[in-house]
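Here we start with a single chain on its own, the form predicted alone, put down as structure tokens.
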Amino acid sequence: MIRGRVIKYGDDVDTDVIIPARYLKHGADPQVLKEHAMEDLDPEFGSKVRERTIIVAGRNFGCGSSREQAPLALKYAGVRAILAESFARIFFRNAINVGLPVMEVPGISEAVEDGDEVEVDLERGLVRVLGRGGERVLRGTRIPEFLMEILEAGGLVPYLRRRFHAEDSPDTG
């Protein structure tokens, strides 16, 4: 379960505004990615993400180039999950691969306002919107079990390390 307050964006947030290309010369340096995440779209993002750790967006989040630095920048900045009407497919998978939870949730951009508190249950595909005079539950696309295993491991590389290490271990049974 992931709980936090929302930073809300609209449709078509592309990877060029998530992490501008001028910073890619630094590779995947966590400090550089963290410092410059979303700066061209939202200059206040760095201060917002200290208290609000869930991004909610409209359609086509993560469109543009296939750079893996985009979900890394958000993760390093402190984002704990991204909920959107839809994602660019490569961004969705890159996010899973780096251990950043993402979920498609129809109607999320209408149901949630900037600053709202939400609770995300990835396994069940549910989002609870808390406050503002009550509670509202939205149904998202459940994360398949094999992708949940990758997220729980912290990303694809740690998942593969665990998996291959387990296969290489002698049977103690």
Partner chain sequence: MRTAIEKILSRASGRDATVGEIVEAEIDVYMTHDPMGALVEDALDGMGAGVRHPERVVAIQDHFVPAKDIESAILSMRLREFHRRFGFGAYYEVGRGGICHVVMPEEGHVVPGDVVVGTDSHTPTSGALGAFAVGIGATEMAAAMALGKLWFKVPPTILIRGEGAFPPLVHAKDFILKVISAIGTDGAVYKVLEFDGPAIRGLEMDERFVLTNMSVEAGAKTGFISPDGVTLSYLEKRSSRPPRPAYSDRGSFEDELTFDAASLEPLVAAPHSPANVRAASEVDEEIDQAFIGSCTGGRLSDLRAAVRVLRGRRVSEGVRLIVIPGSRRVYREALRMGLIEALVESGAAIGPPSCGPCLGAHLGVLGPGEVGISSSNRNFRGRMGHPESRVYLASPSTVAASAVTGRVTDPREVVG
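If you're wondering where the values come from, they're calculated on a predicted model, not measured in any experiment. Numbering follows the first chain given and starts at 1.
Another form, the form predicted in complex with the partner chain, is not on view; read the next lines as being about it.
Between the partner chain and the residues V120, V105, L147, V49, the one pair within 4.5 Å by heavy atoms in the predicted complex involves L147.
Not displayed here, the partner chain is kept clear of L130 by more than 4.5 Å at the level of heavy atoms in the predicted complex.
Proximity of S66 to the partner chain in the predicted complex falls within the 4.5 Å heavy atom cutoff. Looking at Y76, you'd find every heavy atom of it more than 4.5 angstroms from the partner chain in the predicted complex.
Residue contact check for E113: none of its heavy atoms lie within 4.5 Å of the partner chain in the predicted complex. Contacts to the partner chain in the predicted complex (heavy atom within 4.5 Å) from stretch 7 to 28: D12, D14, D16, V17, A21, R22, L24, K25, H26, G27, A28.
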